[in-house]
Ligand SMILES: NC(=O)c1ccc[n+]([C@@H]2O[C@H](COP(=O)([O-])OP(=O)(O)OC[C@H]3O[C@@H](n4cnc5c(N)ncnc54)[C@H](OP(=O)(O)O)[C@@H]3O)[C@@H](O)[C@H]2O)c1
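So this first bit is one chain, no partners, the form predicted on its own, shown in structure tokens.
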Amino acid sequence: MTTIGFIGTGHLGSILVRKFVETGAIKAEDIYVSNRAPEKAEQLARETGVKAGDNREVARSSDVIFLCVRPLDINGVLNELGELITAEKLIVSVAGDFSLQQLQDHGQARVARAIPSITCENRLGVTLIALGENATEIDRSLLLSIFGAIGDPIVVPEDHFEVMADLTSCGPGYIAALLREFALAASWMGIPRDQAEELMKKTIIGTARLLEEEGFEELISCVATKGGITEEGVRVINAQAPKMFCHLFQATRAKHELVKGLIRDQR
């Protein structure tokens, strides 16, 4: 029997706990949770049947410890756990910008990182997984199994995390922002904004279904017939979108570097 602990039951932590229990990926009685506001962990325990305690109780009772806290809070949590971070434990961080090496520096535990997507609420989307040098094949299989119950996990090199997270974890927010602007532009053309948004929602759901079978280029070719209206719109996107996405990656990279610098300053 493997016991799983979750330190941090904010938005993402609570989603993971609920979905792992709901799908049967982890039994409720094998999960321990904690939060800096104890009442939040206790409320989640009442709702799901998991056990609640403080950080050290969770670490002491768990074979696998998920750190579902902000990057700048990880050092403090690991320092609090201290001697409980033993070689028998697997530490899994779901925070960005706190590296595998930084996790390893805190003790003898095996380490991994996982970046889920909010789409795991619907048991869809991708979870990025990076494994530390001391992680075992059993660790790999366990993470692929439990995250496979709520989406599609993929093991990737840690140095690919930032760009891939823009595509996966951040992707739903970026896509929603693009669709919002598309609907807003339609409202400038006289279409009621709420109606434009509803049309976009239904269209993106249908498009996602088509993309399960078609690649991007194939779908564009099916819609943008030669000499047609859609082809003109695609030309505009092809001309203007690359610059926008380059700026997006530059902005997110700068933010990553800022957070990494703040983490380094804590040591």
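In case it trips you up, residue 1 is the first one in the sequence shown, and so on. Fair warning: this is a prediction, and the values are worked out from it, not measured in the lab.
Only in words, not in the display: the form predicted in complex with the named molecule, which the text now covers.
- The closest non-hydrogen atom of residue 12 lies within 4.5 Å of the named molecule in the predicted bound form.
- For the chain shown alone, residue 121 is not a contact residue for the named molecule in the predicted bound form, no non-hydrogen atom being within 4.5 angstroms.
- Contact check for residue 73: a non-hydrogen atom falls within 4.5 Å of the named molecule in the predicted bound form.
- Using a 4.5 Å cutoff between non-hydrogen atoms, residue 8 counts as a contact of the named molecule in the predicted bound form.
- Checking 143, 128, 94, 183 against the named molecule in the predicted bound form, a heavy atom within 4.5 Å turns up for just one residue: 94.
- This chain appears without its partner; in the predicted bound form, the one residue of 27, 201, 60, 36 with a heavy atom within 4.5 Å of the named molecule is 36.
- Contact with the named molecule in the predicted bound form, judged as any non-hydrogen atom within 4.5 angstroms, is confined among 226 to 234, 44 to 52, 212 to 220, 64 to 72 to 64 to 72.
- Within 4.5 angstroms of the named molecule in the predicted bound form, the stretch 115 to 131 places a non-hydrogen atom from each of 115, 116, 118, taken in sequence order.
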